[in-house]
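Here we start with a single chain on its own, the form predicted on its own, put down as structure tokens.
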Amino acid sequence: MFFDLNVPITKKISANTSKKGKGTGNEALVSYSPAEIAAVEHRIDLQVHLGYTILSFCQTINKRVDPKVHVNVLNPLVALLRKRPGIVYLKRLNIILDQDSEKGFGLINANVTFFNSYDLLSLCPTTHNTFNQACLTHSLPSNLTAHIISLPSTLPRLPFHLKHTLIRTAIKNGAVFEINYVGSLGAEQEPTLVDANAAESGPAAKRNWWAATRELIRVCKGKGLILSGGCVVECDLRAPRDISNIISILGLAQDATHEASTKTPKSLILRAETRKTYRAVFSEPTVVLPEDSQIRSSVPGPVEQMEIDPDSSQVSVSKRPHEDSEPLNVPRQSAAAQPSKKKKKKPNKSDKSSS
């Protein structure tokens, strides 16, 4: 099971505004032509042939999210796609952060209903302050958690330093850092990223990608990384094994590269599902006991303590002494058998004066 969590979808939206222009009457009209649907279907068939089973369509927004203006263009697209057995479609929102986004970019509780229409949220910081916010603030568990941090690795130089403390804090909170292999080919980037000065194309961008990705792998120490595509043109798509071989050149172990495209994205999607629940909790676990088992709670004795192993889904029973049970009979030594301790007498003042 291989994942590609960055399948760019570029769609121009035609919006009808009301006469008053307050935004409450805005109605966005999203429609896909048969040619556009056929192009997406052909791309999906190619990725399935390469071995991908989980595909996440990505919509990119620059600077700030305004639900009155922006609309989810992925919902009508997924509804029109042909269902394939064993293939899962996800919806992802990518937000580009710049200096104008430092004071706020719409990721607030008032817009929760808009963000709940997406399965994944990701941030692309381009300044030092936005990178700090993405690692420290927006990676905390909440109903607006951004679990993916995508770096502008094709720029001539990263606009911020990759500090160990920020990286470790983001990984500890459950966030992951994305590596898009489209930069290693120097291929065409998504137009929205290019217009926002968050990505470049060409041989120079290819050289910048190798340097920035090597630094990211060194700071992360091979943990909290996912491999994605980000390819706009179909000829730039590569198989998962080929991408693992490319990333292993940068010093990442083979098992770590395999987990970056299988295990880590899977756990990421499970954590992203908790974004729609209270305080990132799935549900309260319950233990179902077989009918033949008998639990004697009235008789004091050893109490059975059940432990659940989440990986193997097995229940192990261990016995521990009951708190109310009688203490063990430990033989005590009699008073006669115990060695007597003689108390030392303190010398009186009269004895000192006579001497």
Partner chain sequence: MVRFKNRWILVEFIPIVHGDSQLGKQSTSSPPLDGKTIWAALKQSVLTNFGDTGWGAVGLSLTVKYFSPTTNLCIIRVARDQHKIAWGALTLLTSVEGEKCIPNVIHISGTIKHAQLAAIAHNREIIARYRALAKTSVFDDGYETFLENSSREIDALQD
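Quick caveat, the model's predicted, so the values are computed rather than measured. Numbering follows the first chain given and starts at 1.
Below: the form predicted in complex with its partner chain, not depicted.
Remark: none of the three candidate residues (N143, R168 and K276) comes within 4.5 Å of its partner chain in the predicted complex, counting heavy atoms only. The contact residue chosen from S267, N72, T127, S248 relative to its partner chain in the predicted complex is S248, the criterion being a non-hydrogen atom within 4.5 angstroms.
Interface residue among L80, I108, V88, C235 relative to its partner chain in the predicted complex, by the heavy atom within 4.5 Å criterion: C235.
Taking the partner from elsewhere, L289 is found to have every heavy atom lying beyond 4.5 Å of its partner chain in the predicted complex. Residue contact check for T137: none of its heavy atoms lie within 4.5 Å of its partner chain in the predicted complex. Interface residue remark: D100 is not counted as part of the site for its partner chain in the predicted complex, having no heavy atom within 4.5 Å. For the chain shown alone, L50 is a contact residue for its partner chain in the predicted complex, at least one non-hydrogen atom being within 4.5 angstroms.
Note that among 119 to 127, 149 to 157, 168 to 176, 204 to 212, the stretch whose heavy atoms approach its partner chain to within 4.5 Å in the predicted complex is 204 to 212. For the stretch 168 to 191, the set of residues having any non-hydrogen atom within 4.5 angstroms of its partner chain in the predicted complex comprises S184, L185, in sequence order.
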